[in-house]
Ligand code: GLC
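The chain below stands alone and is given in structure tokens; this is the form predicted alone.
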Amino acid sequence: MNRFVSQCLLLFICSAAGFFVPGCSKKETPVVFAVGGAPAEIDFWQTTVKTFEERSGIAVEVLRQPTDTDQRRQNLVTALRASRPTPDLFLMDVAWIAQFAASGWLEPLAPFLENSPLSRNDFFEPVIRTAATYNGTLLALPVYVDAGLLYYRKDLLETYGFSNPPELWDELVAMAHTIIDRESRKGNELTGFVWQGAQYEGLVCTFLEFAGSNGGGLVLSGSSPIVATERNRQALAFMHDVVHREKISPVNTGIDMKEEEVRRAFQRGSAIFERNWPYAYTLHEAEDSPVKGKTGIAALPRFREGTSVSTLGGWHIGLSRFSRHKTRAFSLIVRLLSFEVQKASALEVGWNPGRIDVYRDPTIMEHLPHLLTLRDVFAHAVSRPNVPWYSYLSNVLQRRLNAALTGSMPVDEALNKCEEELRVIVEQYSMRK
């Protein structure tokens, strides 16, 4: 009998008898971890996973997803809806968690935390309470956190006698007018304030910040969503007025202005104030940036009777309910959310760690001092509505808020229409439950 036939016969006997003998054992099925993002982010995950494999002996496959956020979500929804066992682990935008949770796709994490080095207290309390928990059950943990910030030109504020960034929206408007006027006399044309006003998710985030800083916001109480309030009307009217009446924001704010359009306007030196996410800071401080060394960050302003509010963003990690390797997969979660890896993610990729203790690290404070400001902002960040039908809600808000912002619909009418359409969505969802 030749060698090939002998090997085949041996494998058959092992398989049939259920024996494991040298040469017959099956390679361990890897834990599949789905990630997306820029090439540098993928490289970081692959390097981190390789170290985990070497230390733990657990095999892991990094499943690369598209860079586009919507495509990433759809890929995960397709797999989870079909109850596929992979991916075992995946990253979720904070706005997806409620949908995934309500669909029964996420494994509760509290039982795994009981005997692990991780604790709820390792993370920002508002993030755990408002985003990572659904109906009282912990279903995700934050890998990195985002929240809206105010960027400002330190050099311009100092030149014209402003010792601190604005704490009130009225102060921002007044500062902008002063600086624009003085600079125009020198032949320099500046925009006062750039922010996300186009018809997309970013507009919802900025509205929740303006409204929240006036004591308003979106209230989802039973089958009666409330958005058409006086405080929200004042906030939305202010958003309209900074473009059309005060004219300190670009006239195309409601048409073109998304994150990158806003960032580029500020970075080329043509804007005094900018609302954006933390990612912009590293780019503003790059060697070839015209505003390097001139960029300050602060909490977003507020109305006189309100408090500063930032919309929570970022990405969480979830464990699939259909995974066949939950214990091994959670051991990878422990590694990814360890102090060592979270610190490395800040220094190497520029992420804002989900863990609180990283922000107190001496190396972090030396190389990334702006994280001290972010820590305070994250501690008071507000999550978007944690409901499974959030995408429908968001679509309504995007259309109606943008109509008010561009002037194609009065503010009062836009908010009333919002409330009417949201009530229909809530009722429809309640009937399906």
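Each form is matched to the other, and the largest set of C-alpha atoms that superpose within 1.5 Å is called the rigid core. When you see a residue number, it is the position in the sequence shown, counting from 1. Predicted model, so just to flag it, every value in this text is computed and none were measured.
Only in words, not in the display: the form predicted together with the ligand, which the text now covers.
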Non-hydrogen atom contact residue 354 with the ligand in the predicted complex at 4.5 angstroms: no
Contact flag, residue 69 vs the ligand in the predicted complex, heavy atom cut 4.5 Å: yes
Any of the heavy atoms of residue 200 lying within 4.5 Å of the ligand in the predicted complex? yes
Decide whether residue 291 counts as a contact residue for the ligand in the predicted complex under a heavy atom distance cut-off of 4.5 Å. no
Three-residue site 93, 314 and 384 fully in contact with the ligand in the predicted complex at 4.5 Å by heavy atom: yes
Given that the partner is absent here, state which listed stretch (235-243, 202-210, 324-332, 82-90) has heavy atoms within 4.5 Å of the ligand in the predicted complex. 202-210
Contact assignment for the ligand in the predicted complex, among 303, 123, 359, 277, heavy atom within 4.5 Å: 277
So which of 259, 107, 167, 183 gets a non-hydrogen atom within 4.5 Å of the ligand in the predicted complex? 259
If you look in the predicted complex, which residues in 138-170 sit within 4.5 Å of the ligand (heavy atoms)? 146
Superposing on the rigid core, do we see a C-alpha displacement of 2 Å or more at residue 159 between the shown form and the other one? no
Would residue 407 count as moving between the shown form and the other one, using a Cα shift of 2 angstroms or more after superposing the core as the test? no
Is the shift of residue 252 between the shown form and the other one large enough to count as movement, that is, does its C-alpha move by 2 Å or more after the core is superposed? no
Evidently the Cα separation of residue 131 and residue 309 changes by 3 Å or more in the predicted complex, so the atoms lie farther
Looking in the predicted complex, are the Cα atoms of residue 231 and residue 131 closer together or farther apart than here, the change being 3 Å or more? farther
